[in-house]
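Here's a solo chain for you in structure tokens, the form predicted on its own.
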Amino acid sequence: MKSLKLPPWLVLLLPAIIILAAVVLIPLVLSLYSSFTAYKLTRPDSLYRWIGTFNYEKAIGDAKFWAAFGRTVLLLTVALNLEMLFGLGLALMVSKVTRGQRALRTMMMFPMMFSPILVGFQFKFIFNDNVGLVNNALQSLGITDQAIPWLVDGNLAMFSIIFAEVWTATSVFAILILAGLYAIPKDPLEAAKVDGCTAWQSFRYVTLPFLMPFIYIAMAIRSLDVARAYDIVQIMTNGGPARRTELLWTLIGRTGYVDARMGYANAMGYISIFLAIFFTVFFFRKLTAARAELGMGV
């Protein structure tokens, strides 16, 4: 009996394939299967109760799901645009610095290094009603004479979450845009100056088009992060007050682990994945168009 001889390339890749199958493929298949069942954590035998597309139909008709979906889109839209604007401004300012620029670039990366859970606790303390730094500063300056319920009022709580997200990720845009500024060829800028263009015209028609591929790369990366935002929201507001800050993944986590309806939670998770796919495809198409406009190809 001849022994099975594997190709050398497959022998090299086999450990990685096994690890990927154990860590990614098997949980993915199991979660997809359970989304078609009535699986509840409190009843393990329900994993074998096949109910077809019932969970998906229920999610599509669930007002709470679509409300969380809308809040996630709102957070994604507002946070990405603010991060892009602040990151662009920060990158432009740092690029003008002649001394200590390396130290500034290092300092810009600090917010990226913090865990989202740590950021959540940090801003939960900053926006605390009684002992928060924001309320203490406002009251000390005489701007207000009473505590502002940042994390209790629905609108203010969403603002606080957006503030935390922007603080955390603006440096992602700043670093990528700064790399784009360094990559811009000098000839177009010098030609624009010779032609009498103002600083704004040079930025609008020369610098910005060269930066757009870098901006779209940053937006694609951040859209995936924001679309699955969980840690900061869970720590700061736990989806409250009255679920006014409930996002897709906090709703999914509550459904799966608090309500124990894991099959239904997995169905909502797979539906929400389309949000991340949509924004990723959208930004990569924009990236391709921006590269084509610059003659960089795809």
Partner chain sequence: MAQVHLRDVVKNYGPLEVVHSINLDIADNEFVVLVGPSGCGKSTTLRMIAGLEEISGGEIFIGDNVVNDLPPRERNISMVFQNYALYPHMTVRENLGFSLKIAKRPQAEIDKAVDEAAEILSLTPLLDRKPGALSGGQRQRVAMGRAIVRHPDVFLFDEPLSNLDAKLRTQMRVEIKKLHQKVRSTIVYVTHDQVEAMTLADRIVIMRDGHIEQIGTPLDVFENPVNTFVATFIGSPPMNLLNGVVRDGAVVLEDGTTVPVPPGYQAREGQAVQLGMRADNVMPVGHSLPPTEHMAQIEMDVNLTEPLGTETLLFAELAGAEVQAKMLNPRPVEAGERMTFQVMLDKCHLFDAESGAALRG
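Numbering follows the first chain given and starts at 1. This one's a predicted model, so the numbers in the text were calculated from it and none came from an experiment.
Although it is not shown, the form predicted together with the partner chain is what the next lines describe.
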Practice item. Sort through 193-201, 166-174, 80-88, 142-150 and report the only stretch with a non-hydrogen atom within 4.5 Å of the partner chain in the predicted complex. Key: 193-201
Review point. According to a 4.5 angstroms non-hydrogen atom cut-off, is Gly100 in contact with the partner chain in the predicted complex?
Key: no
Check your understanding: Taking heavy atoms and a 4.5 Å cut-off, does Gly154 contact the partner chain in the predicted complex?
Key -> no
Point to revise | 4.5 Å heavy atom contact, Tyr205 and the partner chain in the predicted complex | key: yes
Practice item. Indicate whether the partner chain has at least one heavy atom within 4.5 Å of a heavy atom of Ala292 in the predicted complex. Key: yes
